[in-house]
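This document opens with one chain alone, in structure tokens, the form predicted alone.
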């Protein structure tokens, strides 16, 4: 492994770390307060295309170390796409299978990528078999598979697994601290499983207790895959509200328009969750005016082209002969 020459013995050596961080890129034309340095951390530069590479690897290695994988036993996991893609690719590269339980509203692009990565898919309605205390349909069904076929499946459970948080304590947080030379004043995150938000914020707050953490949530009825608002966070045990200074609710339609602006103005092909974070960051920059902020951009726009066209129909114009 040679990070300087970027020569690796296998794909696992390419996973992000303090020595091999995902890049920070400064936002220029979309920054409303030029004296406030604003950066995007491009998590789609990770080997399997999202921030979820970090949690997936940490959870998989933990299961391996505890002897819970192998001899015909693989994984089952509920996913909105990114964790499943990372888990499937990592697991198959190490000789395990993955059964991914996916809500029907997940974009087709992500479902296809899951299959390309090697996952077996169960596509379900979000309301399938709701049960008190077990979360929504996909989570419930994955738990059922893990319990009924324990000889065949183990469930990492990204919504409850502390390894999800620890991954960001070990990698994302230290990377940002080193890349900004300790000058970061604001961290901007979205909320899904909350592993990224909790782990990264916990590390950075340990370095600078005055650091401000801003989380964005989409409005009710949103269709931004992977994101949750407060009313949906009861499925996650990883959310630590005490770490959040500002929790901004933003019209989910802005996720798509801001993502398009990032693509066409900054050259950053960011997905809709990144668009939502950008909108939140712009509001805070207009308020605070000075500092150094880092936005965690989870993945790129390629997995959301159908959703982008749904919200911005003009994108489809001129695409047919």
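On a predicted model such as this, the values are computed, not experimentally measured, just so you know. Numbering follows the first chain given and starts at 1.
What comes next is about the form predicted together with a small molecule, which does not appear here.
Handout entry: Answer range among 224-232, 117-125, 169-177, 210-218 for contact with the small molecule, defined in the model of the complex as heavy atoms within 4.5 Å
Key = Within 4.5 Å of the partner lies stretch 224-232.
**Study point:** Contact flag, residue 194 vs the small molecule in the model of the complex, heavy atom cut 4.5 Å
**Key:** Yes.
Q) Taking heavy atoms only, is residue 52 within 4.5 angstroms of the small molecule in the model of the complex? A) Yes, contact at 4.5 Å.
Q. According to a 4.5 angstroms non-hydrogen atom cut-off, is residue 86 in contact with the small molecule in the model of the complex?
A. Residue 86: no, not in contact with the small molecule in the model of the complex.
Task: Candidate spot 22, 43 and 48, all three touching the small molecule in the model of the complex (heavy atom, 4.5 Å) - done: So, no: the whole triplet misses the small molecule.
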